[in-house]
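Before any questions on how it binds or moves, here is one chain, the form predicted alone, in C-alpha cells.
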Amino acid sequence: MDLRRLIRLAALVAVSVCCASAEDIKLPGDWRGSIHGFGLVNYSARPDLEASPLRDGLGEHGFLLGDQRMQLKLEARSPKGTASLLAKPEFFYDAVAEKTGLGLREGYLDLAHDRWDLRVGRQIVTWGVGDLVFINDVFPKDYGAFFAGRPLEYLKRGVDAVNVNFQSDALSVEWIVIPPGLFTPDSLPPRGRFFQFDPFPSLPRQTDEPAATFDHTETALRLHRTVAETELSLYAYRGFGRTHALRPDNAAVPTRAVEFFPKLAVFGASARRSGLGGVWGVELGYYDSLDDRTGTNPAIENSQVRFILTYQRQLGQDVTGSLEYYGEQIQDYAAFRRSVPSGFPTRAELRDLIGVRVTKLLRYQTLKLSLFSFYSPRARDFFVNPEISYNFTDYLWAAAGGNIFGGPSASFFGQLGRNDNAYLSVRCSF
C-alpha cells in the first residue's frame, strides 16, 4: 500500500468532518443547507487466501475488496422548498488496486410545483417488488460490489437522467429520460479479482457502448396507483440491456473480444398488498430482444418472459422472514439451442430461483442477525449471504458476513465457486 495515499485520504476525512460540524448553513439567496456524511472501511477476502486471477497487490493475498471510503451528503433548499440540490461526492482508496479516486454517487436538482416534480442529474431509481432480483427495474446494478461484500446500498448505481413525476388521486406517472451518450451499464464482478467462466480467456477486451445519437435515447415509464389497498404499477422501457453481450471481433481469426449492449424493450406490471398475514407481491415482464427477435444470434440473449412472486411476514418478536420465487423463460428455445457453439455451456429453457431472507433483531434492536439465500431447483446452484451487524451508537456500526457460491461449474453461481469470501465493514456517520 502507498502510505502517502492513506495520509491524503485521512486528511480529506478530517477536513470533511470539521466542515460537517454545522447542520444548518445559511446560503446566498436565503437558501439553507446542511452537510452530513460517513466514513466506511470495507475489506473482504477468500477464506483460503487464494490469489486473485491477476495476482497483484492485495489480490495476491486473496483479497477481493480493500475499500476505504468517505462520502459527503451536501444538501441545499430554497426558502419556499420548491427547489433543492443534493450531491454525494465520494473519496476512496482502493487498497487492492492501490489507487485513490473521486466519484459522484448522486447529484441532482429537484424542482416542485403543485402536482409536478422534476429531478435532473445523477439519481438512484428503484422499481418493482423483488428482493435482489429485478424485472422492471431496468436501471444499472453493481454486482461486483455486492458479491465482494460491500453494503447493500452499493448494489444500485446512479443514472444521469431527467425524471418527471406527476401525482394525482386517479393516476401517478414517473417518466425517465436518459439522454444519448449517458448510458450506464451494470458493473459485473471484475475479471481481475473474481474467478469466473470466460469464453475468450486469452483475448483482450474492447467495450462498445451505444453511440451518442438521438435514436439511442433511453426512456422508461411507470404508471401507478392504489386500488382497493393494492399498489398497482405498469412499466415500459426502451433502450439497451445493461449487462454486456460478448462476441469476437473476427469469427475466423479473433484478435479481441468485444463487449456490446443489444437494444432492448421491456413491458411489465406489478402488484403489492397486505394479505395472508403479511405482504405479498407479484411482478411480470416481457424482455423484447430487439436485435435478435429470431433467437439465432448466440451472442445476444433471446426474448424472455420473467416473473417474481414474493411474500413477507412477521415470524415472531423482532423476527421477519420473506420468500420469493423468480423465473425467466427463454423464448424460441429451439433456435437458442441450435445457435450455441460447440463446447459452450447452455442453459435450461426456464431458469428459476427461490430466495429466502430471515432477519432477527436483538439487544433493543442494536444487534441484527440476517441470512439471505438463493437456490435454483433447475440449475442446482446457490448463493448464501449470512451477516451479523451491531450498532455501537447512532453514528457507528459494524457488520461481518460472508458470500458463499456453489453448484455446477457451468451454472451462474457455480462458476463463482472459487470466490467465497468473508467481509468486514465499519461505518461512522456524522
Partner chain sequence: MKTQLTFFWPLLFAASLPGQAPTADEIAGKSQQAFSYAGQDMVARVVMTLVTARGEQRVRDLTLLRRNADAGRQKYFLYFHSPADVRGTAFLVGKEPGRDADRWLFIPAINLVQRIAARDAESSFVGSDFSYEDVSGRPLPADSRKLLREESLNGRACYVVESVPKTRASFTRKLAWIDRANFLPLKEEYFDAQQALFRVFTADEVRDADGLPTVTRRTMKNVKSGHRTEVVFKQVKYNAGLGEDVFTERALRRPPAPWISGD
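Residue numbers count along the first chain shown, from 1. If you're wondering where the values come from, they're calculated on a predicted model, not measured in any experiment.
Beyond what is shown, the protein has a form predicted together with its partner chain; the following relates to that form.
Though its partner chain is absent from this view, in the model of the complex it lies within 4.5 Å of a heavy atom of just one residue from G316, G192, P201, P345, which is G316. For the candidate set N297, Q167, S187, Q304, a heavy atom within 4.5 Å of its partner chain in the model of the complex is found for exactly one residue, namely Q167.
Each of E75, R222 and Q312 is positioned with at least one heavy atom within 4.5 Å of its partner chain in the model of the complex. Contact check for D114: a heavy atom falls within 4.5 Å of its partner chain in the model of the complex. Contact annotation: E231 falls within 4.5 Å of its partner chain in the model of the complex, judged by heavy atom distances.
Among residues of the shown chain, K368 is not one whose heavy atoms approach its partner chain to within 4.5 Å in the model of the complex. When its partner chain is considered in the model of the complex, R119 lines it closely, a heavy atom lying within 4.5 Å. Considering its partner chain in the model of the complex, the lone stretch of 252-260, 124-132, 92-100, 211-219 in range is 124-132 [heavy atom distance within 4.5 Å].
Interface residues of 263-279, taken as those with a heavy atom within 4.5 Å of its partner chain in the model of the complex (partner not displayed): R272, R273, S274, G278, V279, in sequence order.
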